[in-house]
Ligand SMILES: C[S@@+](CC[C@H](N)C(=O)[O-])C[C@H]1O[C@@H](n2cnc3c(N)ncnc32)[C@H](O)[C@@H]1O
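Take a look at this single chain, the form predicted on its own, given in structure tokens.
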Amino acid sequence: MKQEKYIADIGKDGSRGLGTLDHCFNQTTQAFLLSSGLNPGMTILDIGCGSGVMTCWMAQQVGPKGKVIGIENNENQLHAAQKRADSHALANAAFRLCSAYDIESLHEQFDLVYCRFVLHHLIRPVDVIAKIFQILKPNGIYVSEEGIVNHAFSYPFSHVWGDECVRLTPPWVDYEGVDRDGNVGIKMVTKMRHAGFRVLFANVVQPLLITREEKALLLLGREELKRHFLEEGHTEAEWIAAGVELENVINNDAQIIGFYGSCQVAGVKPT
């Protein structure tokens, strides 16, 4: 099977681009987790924990009688996450170098598994969903949040943002293009039901970036994506031109950015 490759180059302090996701989604994600059943004392797995922002927040919610394990396949991300947990003196947050495909190697059963913006990087997300079902305790909860790139837009239109729309494939098709399915979020209800979950709730979140400061978040982590941009056949001149257009979007007070849509789905493993 073809091996996935994360498209961003992650520095030793973790990905700067995750700051945009944190700004756009953390508040609604936290509310979704609480409404889905996150409670003190739980044992939680955070798949693709990034720099550990949500891992640490969940560790605070479950308290000293609970614990959260965050996994990543990138050592730089894990270093940043552990540093964050240490700064908050969170003894109940632990981090492991582990692929989403190998979560059974943790030898743990969980009350809740949380996974945000990870499956769109995978060629076989259905394999991970099946493994999540296996490692959950009976009545365990899977809180999924995955993107819908077709929801991204700029108004007035700019080619630099919101020009990624692709034809939606059926939910049993695991990826589009070469490496990933940027619209996997819209397929999660079907995929989770097929894996055996009883879907409790589903929702779509669409953040809007309307101030210069908010739109400037699109610059965070941009350099991490340059290598991928060039590997796709674009030129250095095109990269520079896109940067100029992005700066124009940021500085234009009339320009609104609709960030990627996020499909939130909560499901329970039946007894």
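Start at 1 and count along the sequence shown; that's the residue number. Keep in mind that what you see is a predicted model, and the values were worked out from it rather than measured.
Omitted from view is the form predicted in complex with this ligand, to which the following refers.
S.K.: Which of 136, 85, 98, 143 has a heavy atom within 4.5 Å of this ligand in the model of the complex?
M.R.: Spelling it out, the residue with a heavy atom inside the cut-off is 98.
S.K.: Considering 150, 190, 73, 158, which brings a non-hydrogen atom within 4.5 Å of this ligand in the model of the complex?
M.R.: Selected residue: 73.
S.K.: Can you tell me whether residue 49 touches this ligand? I mean in the model of the complex, with a 4.5 angstroms heavy atom cut-off.
M.R.: Answer yes; at least one heavy atom of residue 49 falls within 4.5 Å of this ligand in the model of the complex.
S.K.: I'd like to check something about residue 129: if you look in the model of the complex, is any of its heavy atoms closer than or equal to 4.5 Å to a heavy atom of this ligand?
M.R.: Contact with this ligand, no.
S.K.: When the contact criterion is heavy atoms within 4.5 Å, does residue 186 count as touching this ligand in the model of the complex?
M.R.: No.
S.K.: Although the partner isn't part of this model, could you tell me whether residue 122 comes within 4.5 Å of this ligand in the model of the complex, counting any heavy atom of the residue?
M.R.: The answer is yes: residue 122 has a heavy atom within 4.5 Å of this ligand.
S.K.: Only one of these stretches, 73 to 81, 150 to 158, 86 to 94, 190 to 198, has heavy atoms within 4.5 Å of this ligand in the model of the complex; which one is it?
M.R.: Going through the listed ranges, the match is 73 to 81.
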